[in-house]
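Single chain ahead, by itself, as structure tokens, in the form predicted alone.
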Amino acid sequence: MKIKHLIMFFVAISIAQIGMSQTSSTSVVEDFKPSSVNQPGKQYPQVNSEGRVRVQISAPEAKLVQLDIGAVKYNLVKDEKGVWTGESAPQDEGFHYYQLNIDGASVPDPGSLYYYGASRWGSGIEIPAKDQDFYALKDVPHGQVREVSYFSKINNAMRHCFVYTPADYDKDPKKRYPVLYLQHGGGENEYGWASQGRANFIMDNLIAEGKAKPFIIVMDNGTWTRPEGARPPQGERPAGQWPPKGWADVFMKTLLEEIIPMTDANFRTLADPQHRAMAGLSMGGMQTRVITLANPDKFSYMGMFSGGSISMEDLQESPGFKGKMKLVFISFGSRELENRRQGFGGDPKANTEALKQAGMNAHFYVSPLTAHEWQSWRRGLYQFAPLLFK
């Protein structure tokens, strides 16, 4: 009997795995519409009211085609013309990276716009969100996202960044603005916040509604190279301190000695610590933590989105941070806190509450029903920006 039950158990597991890899068409709501971030004229990928993603691609010679999204692969079905079609399980609201897997080769979907994430240019899709109005493209005054290329002596290389200027920037040549230095996450680059993050639209809408002061945003590339052999086997935590000591030093030097001076020289900034902020998501939040703790005389506002928190021990090790930092903002997606998959350096909510008790202006925000993903970070910026430069 025990053997029979064991066999039945493994049969049940197999059926569940099949269900994960390929959804049943009878359970899918057939109200799919083309994604809002498709290439012009492309009908696929599509999204339905459940948040499922449906893709379609012609590959007559392929033996197996899958949709790879949310760390799950879904098998597609081929018709008599060699066109493969299939859909995912419901996804969280907001932006998601995805790719197609054709006979073992991972490739972008030719129907979607491309985004840089997971250390590659690939496909992305928007699952309509109930609160998407705050980052929607609306009929309000719009700022500009300017592209800046420059040579870095520190890195001995050409570098590239984007600079957001508010809608009224060119109207009054004498007006000067505060600056937020806003960093992307690991496996992403300087394109992320203005593309996937829609930071410029978030700011345009907040400013138009009178909820945030106009300020400049600088989005540069904070990518760092892991030491040789530093990456542990998948699923394992690195031994010893991680990230390794000094991991943010090169970008910190680049930011302080090149990016900030360049911004102050070429844009009408209020070039003092009282009008300078830094924030970032995931890796960028970790960089923000390291850089602002080490340089409390350079910034007065800081924000970390899914990138850890500031502890009382940090205050003890960074004299001047408590007295000079006007705002500490910490945010996470609710699913991150539930799963605790990130190394937070202690309980981020408890750490933030301790800062409040110590007399700091500290805020803690949780994005509902999102994980380590762009919707969490968009919402984080939306909550953070109105608190700046007050």
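Please read these numbers as outputs of a predicted model, since none were measured by experiment. All residue numbers refer to positions in the sequence shown, first residue = 1.
The form predicted together with another copy of the chain exists for this protein as well; it is not shown, and the discussion that follows is about that form.
- Residue in contact with another copy of the chain in the model of the complex (any heavy atom within 4.5 Å), chosen from Pro319, Gly210, Gly104, Gly246: Gly104.
- For the candidate set Phe215, Tyr98, Phe201, Phe251, a heavy atom within 4.5 Å of another copy of the chain in the model of the complex is found for exactly one residue, namely Phe201.
- Just one listed stretch, out of 361-369, 326-334, 58-66, 27-35, contacts another copy of the chain in the model of the complex at the 4.5 Å heavy atom level, and that stretch is 58-66.
- At a distance threshold of 4.5 angstroms between non-hydrogen atoms, Trp224 is out of contact with another copy of the chain in the model of the complex.
- In the model of the complex, none of the heavy atoms of Phe134 sits within 4.5 Å of a heavy atom of another copy of the chain.
- At least one heavy atom of Met158 is located within 4.5 Å of another copy of the chain in the model of the complex.
- Taking the partner from the other structure, another copy of the chain in the model of the complex has no heavy atom within 4.5 Å of any heavy atom of Lys349.
- Contacts between 163-198 and another copy of the chain, taken as any heavy atom within 4.5 Å in the model of the complex, involve Asp170, Lys171, Pro173.
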